[in-house]
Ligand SMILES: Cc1cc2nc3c(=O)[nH]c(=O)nc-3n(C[C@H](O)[C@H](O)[C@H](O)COP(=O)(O)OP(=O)(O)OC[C@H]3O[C@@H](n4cnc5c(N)ncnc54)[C@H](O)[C@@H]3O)c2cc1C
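Below sits a lone chain in structure tokens, taken as the form predicted alone.
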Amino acid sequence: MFKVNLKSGQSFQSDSAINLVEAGKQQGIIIPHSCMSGRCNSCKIRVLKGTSTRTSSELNLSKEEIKNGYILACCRTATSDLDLECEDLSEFKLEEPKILPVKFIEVIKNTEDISTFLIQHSPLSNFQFLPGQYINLSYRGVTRSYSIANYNPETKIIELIIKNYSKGEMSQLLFKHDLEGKLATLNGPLGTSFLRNPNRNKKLILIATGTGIAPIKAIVQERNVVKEMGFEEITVFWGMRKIQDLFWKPKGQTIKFKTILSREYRKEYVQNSKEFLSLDLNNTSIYACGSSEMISSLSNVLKNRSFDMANLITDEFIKS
């Protein structure tokens, strides 16, 4: 057995038989993670000392990141004692994922290729989540991951925002049939891409592209929770293609809401937009959700501005 030490002071035991995320979880230590398949980079951490071996491909690590000691914890097992630059999320008391039967209640068309799906679980079941977490939805033998956009604990209705991909296997099932009353299964809540503010920053910037607005919608609706975290100023940036693609706007005057359209006007991308680049990022936390390309580009922009990356939380949508 090897001892794995986190920079925050916690430690756990591990060996070559189990990946670092699972080893920590078995001992009450929660390392940030999401897909558990080496694709999303949520479990990217830096090794300060020690060695590990790769059990599966770390698909999205760049050569520079590998050179600087970064690994994906879900793809690695310990081969010596390890010192990791990593946070422990066990203080958040994450709900254990549940497998629950659900029923499709309604499908609301938002744009030509994006709809809101309302699913409902049994009133006898208990479901809780932290804004930013997701579920795995299984229907007719196909399973896909979707961020939770809203949940009503009284009606037991969960809101999902889903894009119709022309060649997507799940899209063929969800968008081409009448779903009302049909049964499916959810597994969740899952993932650790939920909002937090360990440095007690005063400003919060929420960035999304496409259906990445789903977890941000959930975060914004928990206004009291956001305030309790210490945030006093909230700005939402939403990148879409055209003005007709916009289907949501946060309510209330206290949230600044900015839309960046990539195929109209200045044809900017949200992470490179003049409005975003002009912001003062001191005392700021950033939560970003969307495509891998946006997340990667945003990270480079922030690094070039010497932004403290500990204040960045990302939820990377993976094409499947």
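Residue numbers run from 1 along the displayed sequence. Nothing here was measured: the structure is a model prediction, and the numbers come from that model.
The following text describes the form predicted together with the named molecule, which does not appear among the structures shown.
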Could you tell me which of 140-148, 194-202, 244-252, 122-130 sits within 4.5 Å of the named molecule in the predicted bound form, going by non-hydrogen atoms? 140-148
Are Lys63, Tyr70 and Ile295 jointly within 4.5 Å of the named molecule in the predicted bound form, each by at least one heavy atom? no
Considering Met170, Leu179, Ile234, Leu94, which brings a non-hydrogen atom within 4.5 Å of the named molecule in the predicted bound form? Met170
Tell me, out of Ser52, Gln271, Ser34, Ser285, which residue has a non-hydrogen atom within 4.5 angstroms of the named molecule in the predicted bound form. Ser34
Is there a non-hydrogen atom of Ile318 within 4.5 angstroms of a non-hydrogen atom of the named molecule in the predicted bound form? yes
I'd like to know whether Ala214 contacts the named molecule in the predicted bound form, with contact meaning heavy atoms within 4.5 angstroms. yes
Taking heavy atoms and a 4.5 Å cut-off, does Ile162 contact the named molecule in the predicted bound form? yes
Going by a heavy atom distance of 4.5 Å, is Tyr134 a contact of the named molecule in the predicted bound form? yes
